[in-house]
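Let's start with one chain on its own, the form predicted alone, as structure tokens.
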Amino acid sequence: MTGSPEYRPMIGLEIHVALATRSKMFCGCSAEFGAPPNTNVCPVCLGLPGSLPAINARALELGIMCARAVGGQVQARMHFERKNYHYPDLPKGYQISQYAVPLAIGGEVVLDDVEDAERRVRIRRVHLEEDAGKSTHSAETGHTLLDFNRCGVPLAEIVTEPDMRSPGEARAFLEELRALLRVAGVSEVRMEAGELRCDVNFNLVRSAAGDGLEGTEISEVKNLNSFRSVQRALEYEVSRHREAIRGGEPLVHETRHWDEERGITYAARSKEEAHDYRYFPEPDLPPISVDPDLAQYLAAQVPELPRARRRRFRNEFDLGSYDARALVSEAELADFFEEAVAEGADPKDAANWILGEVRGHLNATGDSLADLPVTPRMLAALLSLVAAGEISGTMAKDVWSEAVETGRDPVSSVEESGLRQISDEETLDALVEEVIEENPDAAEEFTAGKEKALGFLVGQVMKKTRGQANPQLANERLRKALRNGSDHR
């Protein structure tokens, strides 16, 4: 980036995560994604007169687990408030949320790069709220269609401190947070279903006299629903703010929207502050006291988190940082890996196979690991055959393909099809003699110092055995036979 080098980005995020409940936050309507428009609604989530909300206990529990997963301190007492604003997809004219006394305060998410360098992103607060509906704008008709199915779906909002220093770092934080939330079981975090949406707060700052900071006015970019969009929108804002600094143009404190097709942000309105929303306690819901024993029990339900698991994989299984990160990025892959190792697979071989063949198959088919007929035990058995030299790596891929298609056990497949690799020295020595006799010119070339000739001869051995000879051993026996023959000449 060009411009004044003393300016640096300061980025904070507000992340809205849909909690994995079957019903909505304050009513019994289904929270199912993808239902026909306006079918999962009732007087409560439509805000009809006389309807009264009731708190979804499971949403509260998942919110507590979410807060603990990011290291937040769950408040002993909290209450809900009305956040007042008027928009067509908010039928009540207000959103039930939390502000003054949220679910939790504090916490942090630690980012490790491939070199294990640490960056800490502090969490300011975690609070619960309900979602708004969805507006669909039609350019063809000029109409806006409203779907209220999403109204009342329980959300946890995670607000960070402005600790991120680059668009790439903001994306890395979101990727780590998504993995963390999925492992914690608080949300499926399906981006395509809008289960994680992000607002970005950004400006450029530089150190000022007295160790203070001065910088450009803050821009907020709303409702970004992919990691790529977050990074691209921030990259655009970095350029826009730097251009304004260079040109001496004023920047205003505003909310902007992201245009994915054009790759730009555009002004929507001046940025609201808390007082603009006229927060006041929700009169229809009582304050909530959280039993410390319940909070402790729920915290104990949060399993090993991604960062701790990556470190354990490196220490316990001697994996490199890249392999550990790649496996743990998908909890199901990490579980599959650990089960294969427990069944006797070499950790490095298992990691290579899972990140190569297993993940490649899943990406190509769109299947999940639950759909894969090959179990960790079967993979461990296959890798054991390779490690013992009974089949080659090429044979193993053929056996794997058959197992994926049929669910057939690899050991049975190898035994019944006669695919075991020929590693018997006497058998190979006889074949080697045949190949040397049939290809005297290649044999002479090798003894004359042409190494490439040996590859041809190994290929002839493999051809005679239909690929079942151990290629490494065939190479060794050929070298020995050719050298012995040369010594006797």
Partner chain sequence: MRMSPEEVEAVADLARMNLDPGQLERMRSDLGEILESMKALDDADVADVKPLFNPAETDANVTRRDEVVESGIAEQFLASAPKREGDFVVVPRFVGDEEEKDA
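Numbering follows the first chain given and starts at 1. Computed from a prediction, not measured in an experiment: that's the story for all the values here.
One more form of this protein should be noted, the form predicted in complex with its partner chain, which is absent from this view; the next part is about it.
For the three residues Tyr7, Asn203 and Gly215, a heavy atom within 4.5 Å of its partner chain turns up in the predicted complex in no case. Its partner chain in the predicted complex comes within 4.5 Å of a heavy atom belonging to Cys27. In the predicted complex, its partner chain sits within 4.5 Å of a heavy atom belonging to Ala57. Put simply, Pro88 is close to its partner chain in the predicted complex: some heavy atom of it is within 4.5 Å. Mapping the unseen interface onto this chain, Leu46 counts among the residues with a heavy atom inside 4.5 Å of its partner chain in the predicted complex. The stretch that touches its partner chain in the predicted complex, counting heavy atoms within 4.5 Å, is 135-143, out of 334-342, 171-179, 304-312, 135-143. Only one of Gly356, Gly71, Gly407, Pro287 comes within 4.5 Å of its partner chain in the predicted complex through a heavy atom, and that residue is Pro287. The contact with its partner chain in the predicted complex, taken as any heavy atom within 4.5 Å, belongs to Pro283 out of Pro283, Gly248, Gly393, Gly366.
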